[in-house]
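Consider the single chain below, provided in structure tokens and representing the form predicted on its own.
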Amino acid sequence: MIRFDNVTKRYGNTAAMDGFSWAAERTGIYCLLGRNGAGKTTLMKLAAGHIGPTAGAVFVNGAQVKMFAMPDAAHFVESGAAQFNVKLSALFRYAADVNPSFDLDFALALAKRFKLDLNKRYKHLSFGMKAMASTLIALSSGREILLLDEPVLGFDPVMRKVFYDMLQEAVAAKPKTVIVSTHIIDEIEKVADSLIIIDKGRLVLCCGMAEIDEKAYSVIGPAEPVKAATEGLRVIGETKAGGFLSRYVYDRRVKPSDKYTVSGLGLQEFFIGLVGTEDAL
């Protein structure tokens, strides 16, 4: 569906993508994580054909993506993107006019669930409601691939919960590939099928969420037993407090013991362990 073959994208002397290779071959919800400036938005723009690579190639459904040959299958929603300043009801109708696969009934139903006032002009909406209008157009587009850049930015907790529910419903009703970038890690963890982590334009990790559940965990206890239990394993971080040690592991599970405690590792702690400290997020 989407394939990056050794893609580099430079802006002057800065490499936003650096020899990046990755493929999304299954439908589902992909969580795209990375620190600020890691290349998340660049990845989405390349897949949508909004920009072209400096080197390498991007393919969607087997066809090479180029700036003047944007893939019809993909719909990209950039954080903070603006829409025509018309009433929302007209905005949805315009979307239906230019896109035969647009599901107007679905868009109107989503607008009702989010309590969007269809008689309001776009510029009169709050920041969060503007983002919601753009996202609803994407969810209703009928496209096989949705690229959502920080879609819940500006949403309150209730809006975010409803959004994630609708995202899962949309994928279940009509299987598609959805890539969602976000900094609200704990929430996307509950709905994502797969995880992509990038750093400095390079792929750090791509796997299913089930693998994270199985292989990411913490070992906590007196320092010496914890060190012995985790010797030879991939330790992605640790903290010390007095004579106690907490190690964060991404590897096979250690054997249970009464000398230490083994517990699951949340996605946020896992991400921080792989790419940096919490202060960098």
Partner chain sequence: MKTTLKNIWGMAKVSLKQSKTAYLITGILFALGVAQLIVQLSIPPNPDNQTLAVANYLFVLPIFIAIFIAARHFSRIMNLGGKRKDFFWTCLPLYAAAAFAVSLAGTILTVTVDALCAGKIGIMNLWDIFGFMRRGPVVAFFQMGALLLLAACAAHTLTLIQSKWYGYVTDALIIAVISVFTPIAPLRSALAWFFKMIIFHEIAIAQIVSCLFVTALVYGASLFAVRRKTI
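Numbering follows the first chain given and starts at 1. Just so it is clear, the model here is predicted, and its values are computed rather than measured.
The form predicted in complex with its partner chain exists for this protein as well; it is not shown, and the discussion that follows is about that form.
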Specify the contacting stretch among 109-117, 155-163, 68-76, 197-205, defined as having any heavy atom within 4.5 Å of its partner chain in the predicted complex. 68-76
Contact test, all of Ala63, Val86 and Asp97, partner its partner chain in the predicted complex, heavy atom 4.5 Å: yes
Heavy atom within 4.5 Å of its partner chain in the predicted complex: which of Pro53, Gly221, Gly34, Gly49 fits that? Just give me the one. Gly49
Contact with its partner chain in the predicted complex, heavy atom within 4.5 Å, among Ala170, Leu91, Val191, Met129 goes to Leu91
Touches its partner chain in the predicted complex: Ala82 (any heavy atom, 4.5 Å): yes
Should Met209 be counted as a contact of its partner chain in the predicted complex, where contact means heavy atoms within 4.5 Å? no
With heavy atoms only and a cut-off of 4.5 Å, decide whether Arg143 touches its partner chain in the predicted complex. yes
Is Ile137 close enough to touch its partner chain in the predicted complex, meaning at least one heavy atom pair within 4.5 Å? yes
